[in-house]
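Only one chain is shown below, in structure tokens, and it's the form predicted on its own.
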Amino acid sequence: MTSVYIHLPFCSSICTYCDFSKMYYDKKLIKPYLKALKDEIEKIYQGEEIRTIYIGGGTPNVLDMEDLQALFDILDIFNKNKIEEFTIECNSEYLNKEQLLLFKKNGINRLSIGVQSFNDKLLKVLGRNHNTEMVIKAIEVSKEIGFNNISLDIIYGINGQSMDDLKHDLDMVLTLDIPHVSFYSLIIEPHTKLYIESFKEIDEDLNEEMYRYINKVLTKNNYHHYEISNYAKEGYESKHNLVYWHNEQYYGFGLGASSYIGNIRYDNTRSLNKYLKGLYKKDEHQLESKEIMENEMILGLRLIKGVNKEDFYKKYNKRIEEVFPITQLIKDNLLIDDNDYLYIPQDKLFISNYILLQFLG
């Protein structure tokens, strides 16, 4: 147990595509929430040396300076002697010098900035409150303060988005010299505003063209495409997210957070009232060995290098081919077996969900 996820659900506005646990920011709710968060951590955390911490949301940096410092004081509960990566998600409209200095003082060494688009019209479709100028300013100030490990989240595949719009987003990433970027195809999830308003999905062929163009441009510019949606300059891969993709265990604290502890997956409640009363867990599921191996493969095949076959055998005392029907997938060139790794070929990554369904039989 070397990784911790912290969830702060508060937002000043709700994005039209978001299905995470979130609610409107209310200053009066912050102190009770932080108290409940502290109580949950003290009840569950077992004192391990923590290697990565990720503060997500919601919009963590919507909190004011006093409440952010209170949050960091709570996180001092963790043994951070061997911390390697300490990330906080940020929205550019709140990110300023004072806030960044507070982050630096409290050990944050990685910023994940939710940009989504450098097209102000598309930002309105997505329900974002910032504009391109704010993003540029936030990144400039972050670098001045000394934050070099910066990641941007970008959404593509938005109905109404053109290839020229996408090219502009990529140009901005390159111009701003960002070492890590995540490009996510828009998924219209149930219960989101886009879903309720019957927002149409983009043409599938255009969506695939966009994905392939993103890969082409970023790899040409020395980004390592290491996971289906993630690209990094050398040494800037997300250590925290690699914990998930390697199917390793982790703590999750806060409203709606998930944990994987001792082969049990826990999901926290999304009810604020229950959470404030200390009723943190919504459900838990004891994983059988087959489910653990399925998760190993589903998560591992998201990585471009795939799943290490020898590591799989050492963990489960079984060969992958003994557990899963991979022979036909290899014959159909939907999976590649190079003797060391099993992986999805680059030209099939866009249909990875289809391949995983076939893989699971």
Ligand SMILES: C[S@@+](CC[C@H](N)C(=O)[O-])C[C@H]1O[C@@H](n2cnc3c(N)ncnc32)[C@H](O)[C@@H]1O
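All residue numbers are counted from 1 along the displayed sequence. Given the structure is predicted, the values throughout are model-derived calculations rather than measurements.
We do not show the form predicted in complex with this ligand, though everything after this point is about it.
> Only one of 234, 189, 288, 133 has a non-hydrogen atom within 4.5 angstroms of this ligand in the predicted bound form; which is it?
The option sitting close enough to the partner is 189.
> Sort through 350, 25, 20, 341 and report the residue having a heavy atom within 4.5 Å of this ligand in the predicted bound form.
Looking at 350, 25, 20, 341 one by one, just 20 meets the 4.5 Å heavy-atom criterion.
> Please identify, from 151-159, 212-220, 273-281, 69-77, the stretch that has a heavy atom within 4.5 Å of this ligand in the predicted bound form.
The contacting stretch is 151-159.
> Verify the contact flag for residue 185: yes if a non-hydrogen atom of it lies within 4.5 Å of a non-hydrogen atom of this ligand in the predicted bound form, no if not.
Judged by the heavy-atom cut-off of 4.5 Å, residue 185 is in contact with this ligand in the predicted bound form.
> Heavy atoms within 4.5 Å of this ligand in the predicted bound form: does residue 89 have any?
Residue 89: contacts this ligand in the predicted bound form.
> Is residue 128 close enough to this ligand in the predicted bound form to count, meaning some heavy atom within 4.5 Å?
Heavy-atom contact with this ligand at 4.5 Å: present for residue 128.
> Could you tell me if residue 119 has a non-hydrogen atom within 4.5 Å of this ligand in the predicted bound form?
No, residue 119 is distant from the partner.
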